[in-house]
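Below sits a lone chain in structure tokens, taken as the form predicted on its own.
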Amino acid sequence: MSDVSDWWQTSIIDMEPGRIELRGQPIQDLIGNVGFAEMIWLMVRGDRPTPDQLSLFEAALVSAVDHGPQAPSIAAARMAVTCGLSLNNAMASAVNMLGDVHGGAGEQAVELCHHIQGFDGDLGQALDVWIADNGKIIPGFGHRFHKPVDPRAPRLMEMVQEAMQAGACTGEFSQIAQHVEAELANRKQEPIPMNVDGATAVIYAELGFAPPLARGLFCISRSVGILAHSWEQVQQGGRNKGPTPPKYRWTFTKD
């Protein structure tokens, strides 16, 4: 280091008293002229999306905002509030639950799409290799709650088609996902439809976001629902609400 200022280096923000520039653009020029979704894109990527790219990106963000108190992250937020925690603590508790099993399928589905894209062989072989390495659950397909169809996925895929026609994306990853859906249906002898994680993964892959960003973007989306539920619980009140009503007990098992 030549100076203490070299300790941190960033191309995201330049700031001094009376001046703030984000990705080289004065904050006062962004305020009132850039929507929140576009601001996310700008901050993460450093460039600006086309209107059609932005519409598709925002649709993915909107689709994942909430899935009700039965979702572990939402339940955790509401329970945290009943334990006396503030909104920021409740939100942090919830976001920290978004891991590989709950919240990670979008990232995994983007990885799957890239795996198939770069695989030297047919789709069936690519899936077999994926399953051997990652287990039998295929991220982005099927849903434990929404049967037969996750209502979010078809609409998102419609928007991918619209974006393709507008030249906002190529459709390569959309085609891969549809082929996976058909292959799974053939193997299981029943439909295994794409879910919201698969559809948003297609969108993020089509728009050029790296797989780990899919999880980060999901966290941003779900934070909206987390905040809404946290605030609703504040208004409803309640103390120390656990995952089940008090009259229910767990099953005790002897060692």
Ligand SMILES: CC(C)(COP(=O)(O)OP(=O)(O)OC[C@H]1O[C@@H](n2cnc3c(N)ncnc32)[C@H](O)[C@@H]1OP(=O)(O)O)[C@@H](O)C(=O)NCCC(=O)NCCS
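One rule holds for the numbers: they count along the sequence shown, beginning at 1. Fair warning: this is a prediction, and the values are worked out from it, not measured in the lab.
There is also a form predicted together with the ligand; it is not shown, and the following applies to it.
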- request: Could you tell me if all three of I137, F141 and N195 have a heavy atom no more than 4.5 Å from the ligand in the predicted bound form?
  value: yes
message: I'd like to know whether A177 contacts the ligand in the predicted bound form, with contact meaning heavy atoms within 4.5 angstroms.
response: no
message: I'd like to know if L184 sits close to the ligand in the predicted bound form, meaning any non-hydrogen atom pair within 4.5 angstroms.
response: yes
query: Does any heavy atom of A105 come within 4.5 Å of a heavy atom of the ligand in the predicted bound form?
result: yes
4.5 angstroms heavy atom contact with the ligand in the predicted bound form for E190: yes
- prompt: Exactly one stretch in 23-31, 226-234, 196-204, 38-46 has heavy atoms within 4.5 Å of the ligand in the predicted bound form; which is it?
  reply: 196-204
